[in-house]
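The chain below stands alone and is given as structure tokens, in the form predicted alone.
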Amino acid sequence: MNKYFKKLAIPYFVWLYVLAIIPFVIMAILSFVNNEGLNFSKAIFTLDNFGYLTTSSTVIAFMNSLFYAVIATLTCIVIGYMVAYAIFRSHFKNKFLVMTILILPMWSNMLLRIEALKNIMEPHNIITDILSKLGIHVSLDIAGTPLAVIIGLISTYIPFMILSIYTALEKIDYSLEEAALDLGLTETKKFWKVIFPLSTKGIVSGSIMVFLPCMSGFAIPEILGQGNILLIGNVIDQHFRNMNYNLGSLLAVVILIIILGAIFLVSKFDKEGETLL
């Protein structure tokens, strides 16, 4: 039976090599060569590409990415924990249905959701038109601002945080809460001494799943930031658009190394994979 299941995994490994391993190896090779566009006939080995990592534009893009990712992740932790805890403590008969409703937007195309969010952030949109017909005149013009990018990052990736924290909360043994109350703890102390420490795995897993796409993505800052906010993902996109594959590959490899390091961190922190989606 085990041999049968191993054979079923063969297509997965084939696609893993074709779509992940091989492209990574190619980008790693391109990081150490110097060529023009797709002309590799005169490609030479060089370490000069690594000097680009210290240029002001790259450092600024990395710092911007880190700043926006940290702000979005911290906000998602606060909001996500409150939502997950509210659902965890609710008396809904079908909590799975509530969680499904929360992640329904993720089933639609992300670019369409971002474009719809951009429309809401512009002065004239469907919401302001409806309100104006009701005699309420509201003008919202935040597209192209840092606030727009942060809102876009939070609204796009907060479901990952909610699901991770909720999964960790659901795995807490209720007898531990009863024991805490029997020992004289108040509801508030019970939360901070029992529930919150036991749910930190969900917070860590959710933080990594939010932080990484926030830091490496380019669609949200490009559409909602209207080109005014430069993140490292936009720099990589620009290099590949300009056929500067060497520098684009170098930056992409650096981001991939960060992602692999984060995955390694999760595997060490949550060895059983209890909170991974």
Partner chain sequence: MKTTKILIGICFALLLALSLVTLRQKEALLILNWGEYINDEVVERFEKEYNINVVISLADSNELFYSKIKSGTTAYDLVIPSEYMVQRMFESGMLQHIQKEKLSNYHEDMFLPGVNGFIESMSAVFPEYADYQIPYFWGTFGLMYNKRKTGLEEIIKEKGWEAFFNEAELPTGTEVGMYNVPRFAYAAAMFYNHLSPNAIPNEENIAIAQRTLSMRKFNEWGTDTLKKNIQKRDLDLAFVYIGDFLDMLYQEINDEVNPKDISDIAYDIYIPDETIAFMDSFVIPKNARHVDLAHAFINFFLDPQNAYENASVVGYCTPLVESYNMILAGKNSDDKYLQNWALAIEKYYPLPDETWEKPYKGTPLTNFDVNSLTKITNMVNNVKTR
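Every value quoted in this text rests on a predicted model; they were computed, and no experiment measured them. Positions refer to the first chain, counted from 1.
A second form of this protein, the form predicted together with the partner chain, is not displayed here; the remarks below concern that form.
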- Message: Is it the case that K171, even though its partner is missing from this view, gets within 4.5 Å of the partner chain in the predicted bound form, heavy atoms only?
- Response: no
- Task: May I ask you to state whether T46 is within 4.5 Å of the partner chain in the predicted bound form, using heavy atom distances?
- Result: no
- Message: So in the predicted bound form, is the partner chain close enough to N244 to count as touching (4.5 Å, heavy atoms)?
- Response: yes
- Query: For V25, is any heavy atom within 4.5 Å of the partner chain in the predicted bound form, or not?
  - Reply: no
- Query: So, S31, A86 and K190: all three within 4.5 Å of the partner chain in the predicted bound form by heavy atoms, or not?
  - Reply: no
- Note on the structure: Answer among 190-198, 153-161, 87-95, 111-119 for heavy atoms within 4.5 Å of the partner chain in the predicted bound form: the stretch 111-119
- Item | The single option of A219, L212, L66, L230 touching the partner chain in the predicted bound form, heavy atom within 4.5 Å | L230
- Using a 4.5 Å cut on heavy atoms, which of V14, I257, I21, I263 is close to the partner chain in the predicted bound form? V14
- Sequence-ordered list of residues in 123-149 near the partner chain in the predicted bound form, where near means a heavy atom within 4.5 Å: P123, H124
